[in-house]
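Only one chain is given next, in structure tokens, and it is the form predicted on its own.
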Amino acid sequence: MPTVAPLDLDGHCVAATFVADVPHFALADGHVHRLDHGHKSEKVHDGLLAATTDLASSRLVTGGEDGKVCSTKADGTSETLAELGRKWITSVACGPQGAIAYASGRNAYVRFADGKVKEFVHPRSVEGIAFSPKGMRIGVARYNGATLHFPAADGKPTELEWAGAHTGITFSPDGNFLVTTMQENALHGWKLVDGKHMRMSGYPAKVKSMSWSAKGKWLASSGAPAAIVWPFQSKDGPMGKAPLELGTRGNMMVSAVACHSADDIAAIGYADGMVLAARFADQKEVLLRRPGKGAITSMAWDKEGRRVVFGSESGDCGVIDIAG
């Protein structure tokens, strides 16, 4: 049976993740908590809005209402990577060769490992930002589509148009597809080689969480009473194919998803705090955590795929050991 080590915190958990295999919880109040031979915490921001780990999971990169972008290591040491004065940092991303990206208002920035910063100004606000897994390239979610930039080169950006507000963004692990979450209840995707559109609609609610399977053949998403998992095995992605529906609960919405680090399994978090694991091949389910106080907002697996860290909107967080 899976065992749960709970950690009761005060406030909304923006991100629950592993940094160098240590469970970390980034809270909206600006504190970063970690479970490292006991519970420890540091105040990193005056109000925290976005958080992510780098590709090696060796540091947590956060953006705040204080206009700062900070990097926190597993031992709790923190450094400020960028400051924008009184502007809110609403989105952060980590890329190759130690690069990070962050967004504020209509501007996106890429900071290279040597400290050099490149700025990209857009006509409307930047809602989400992501690095491509191939080469130094970023994607920006914006109103009426997405924009692709090559930060290391001087050239015109690539504009991908689709009417509506795009709020989040992710590249497929092979770099062939770009997918955005939308203000309406839908995902939208582009096949990057030819710009072909992929419409992924039919959700009863907004999609706030997306996660690619380890080999990039599936994209799991929230926004329905089941995890909606789209197939990306073919060259045209999910077009003309039905998604899997995992962990269906008739009356409870999925609020967060996290794919396993090696296998085709997803952890599924719900609006009532429950967490299930479901296997793609046969849709077999295992209960990982009973309902809690608030909706699950963030989850992540450790490298070995044995533990799941989770956070909720009301601060009841914790670590699930699958092996028990």
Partner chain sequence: MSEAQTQIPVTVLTGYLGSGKTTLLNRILSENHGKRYAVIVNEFGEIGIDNDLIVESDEEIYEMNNGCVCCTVRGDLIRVVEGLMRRPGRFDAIVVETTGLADPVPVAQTFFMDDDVRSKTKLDAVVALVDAKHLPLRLKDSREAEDQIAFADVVVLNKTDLVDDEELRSVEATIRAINPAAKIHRTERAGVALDQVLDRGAFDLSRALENDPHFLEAHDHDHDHDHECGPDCDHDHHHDHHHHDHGVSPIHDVTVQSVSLRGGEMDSKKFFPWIEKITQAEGPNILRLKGIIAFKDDPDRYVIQGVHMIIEGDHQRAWKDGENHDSRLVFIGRELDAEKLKRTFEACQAA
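In this text, all values refer to a predicted model and were calculated from it rather than measured experimentally. Residue numbers count along the first chain shown, from 1.
There is another form of this protein, the form predicted in complex with the partner chain, and it is not shown here; the text below is about that form.
**OP:** Check each of P157, G105, G76, P243 and return the one that places a heavy atom within 4.5 angstroms of the partner chain in the predicted complex.
**Re:** Spelling it out, the residue with a heavy atom inside the cut-off is G105.
**OP:** With the partner chain left out of view, choose which of K217, K191, K208, K118 has a non-hydrogen atom within 4.5 angstroms of it in the predicted complex.
**Re:** Selected residue: K208.
**OP:** Spell out, yes or no, whether the shortest heavy atom distance between H12 and the partner chain in the predicted complex is within 4.5 Å.
**Re:** Contact check for H12: yes, within 4.5 Å of the partner chain in the predicted complex.
**OP:** Determine whether any heavy atom of D302 comes within 4.5 Å of a heavy atom of the partner chain in the predicted complex, and answer yes or no.
**Re:** No.
**OP:** Examine V69 and determine whether its closest non-hydrogen atom to the partner chain in the predicted complex is within 4.5 angstroms.
**Re:** Flag for V69 set to no.
Original post:
Is there a heavy atom of S125 lying 4.5 Å or less from a heavy atom of the partner chain in the predicted complex?
Top reply: Residue-level check for S125: yes, a contact with the partner chain.
Original post:
Check K40, P225 and S255: does every one of them have a heavy atom within 4.5 Å of the partner chain in the predicted complex?
Top reply: The answer is no: none of the three residues contacts the partner (heavy atom, 4.5 Å cut-off).
Original post:
Where, among 52-60, 281-289, 24-32, 259-267, do residues come within 4.5 Å of the partner chain in the predicted complex by heavy atom distance?
Top reply: Among the listed stretches, the partner-contacting one is 24-32.
**OP:** May I ask you to list the residues of 280-316 that have any heavy atom within 4.5 angstroms of the partner chain in the predicted complex, in sequence order?
**Re:** Residues within 4.5 Å: G292, K293, G294, E313, S314.
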